[in-house]
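Only one chain is given next, in structure tokens, and it is the form predicted on its own.
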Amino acid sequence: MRDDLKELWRFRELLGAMVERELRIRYKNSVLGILWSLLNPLVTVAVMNFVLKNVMQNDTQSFSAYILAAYLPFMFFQLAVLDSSQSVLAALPVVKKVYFPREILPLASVISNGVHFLIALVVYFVFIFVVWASTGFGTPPVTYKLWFLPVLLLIHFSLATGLSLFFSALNVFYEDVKYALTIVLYLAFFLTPVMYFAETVYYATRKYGAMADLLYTVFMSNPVATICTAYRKVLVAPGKIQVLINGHAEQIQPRPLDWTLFGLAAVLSFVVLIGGYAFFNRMKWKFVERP
């Protein structure tokens, strides 16, 4: 693997060019260009916020900030894995003719989506500061926890990259992968605390008595769920949230981040990264054999 990394470093300029190409092609001939990557989550979150606050009567303060803080990371993960899963197969004619580190293809998809994600985070901070200013400069919208954001980004990118490498290699030989991934990631959105809080899951499992903690742990063992929850803890200043407790809506203080579950998610993310890269390197020499 060390030799593969050295080879990848030698072709770093090609990787940069591929990322630039991905960014240019995505919004080629569109009037708004990269703004589309920002409008989509903003409009989606606006609709979610309207429905959850006005139809489902959730009175959580700064609810849109809570949704955005989890929705943006999830969308990066989803788009990075889906886009990269098609990257090698789409470039197969070139792969069969020209030598270059094949991992550049899925990595370019992950990095280009990562660029959009980082831009979206900048827009998120502008959004919460505008809201803060419009409400009279009350409680600051960010806390000291913001220092942890680079660590969280590293873990998040590791998980997305590992899965992207794995599925991009697998999809070359089994094209059913792209259809299965679409379904799995669609379902994962509802199994990840984006439209609701991890606290909602915690209190919903209390009715199962001795099994409550186990059920909550199993649910949050999904690393994406834990990572999205961690983004909320880091990006949103703590305030009361509304959750259902024994069937009644109550305003509570958010629970602190479960560091055991977060540590498990971090370890799993790095294992997936190493395992995904090892699997890709084992399979990449067979790409030219695909008819």
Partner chain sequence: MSEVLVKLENVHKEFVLSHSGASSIKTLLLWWKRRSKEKLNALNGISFEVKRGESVALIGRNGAGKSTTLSLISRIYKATSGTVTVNGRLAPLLELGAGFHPDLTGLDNVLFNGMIMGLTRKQVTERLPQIIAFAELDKHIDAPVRTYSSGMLARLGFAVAVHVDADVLIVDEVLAVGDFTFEKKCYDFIDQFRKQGGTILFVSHNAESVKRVADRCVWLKGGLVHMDGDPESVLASYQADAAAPNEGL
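Not measured: the values here are computed from a predicted model. Positions refer to the first chain, counted from 1.
The same protein has a further form, the form predicted together with its partner chain, not shown here; the description that follows concerns it.
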{"property": "Contact assignment for its partner chain in the predicted complex, among F157, Y203, F127, F100, heavy atom within 4.5 Å", "result": "F100"}
{"property": "Heavy atom within 4.5 Å of its partner chain in the predicted complex - the one residue of Y208, W147, Y174, F189 that qualifies", "result": "Y174"}
{"property": "Heavy atom contact within 4.5 Å of its partner chain in the predicted complex, the stretch among 115-123, 88-96, 147-155, 193-201", "result": "88-96"}
{"property": "In the predicted complex, K6 touching its partner chain (heavy atom, 4.5 Å)", "result": "no"}
{"property": "Contact test in the predicted complex: V267 vs its partner chain, heavy atoms, 4.5 Å", "result": "no"}
{"property": "F11 within 4.5 Å of its partner chain in the predicted complex, heavy atoms", "result": "yes"}
{"property": "Partner proximity in the predicted complex: L273 to its partner chain, non-hydrogen atom cutoff 4.5 Å", "result": "no"}
{"property": "Residues F63, D213 and V218 all lining its partner chain in the predicted complex, heavy atom within 4.5 Å", "result": "no"}
{"property": "Contacts with its partner chain in the predicted complex - residues in 110-124 whose heavy atoms fall within 4.5 Å", "result": "none"}
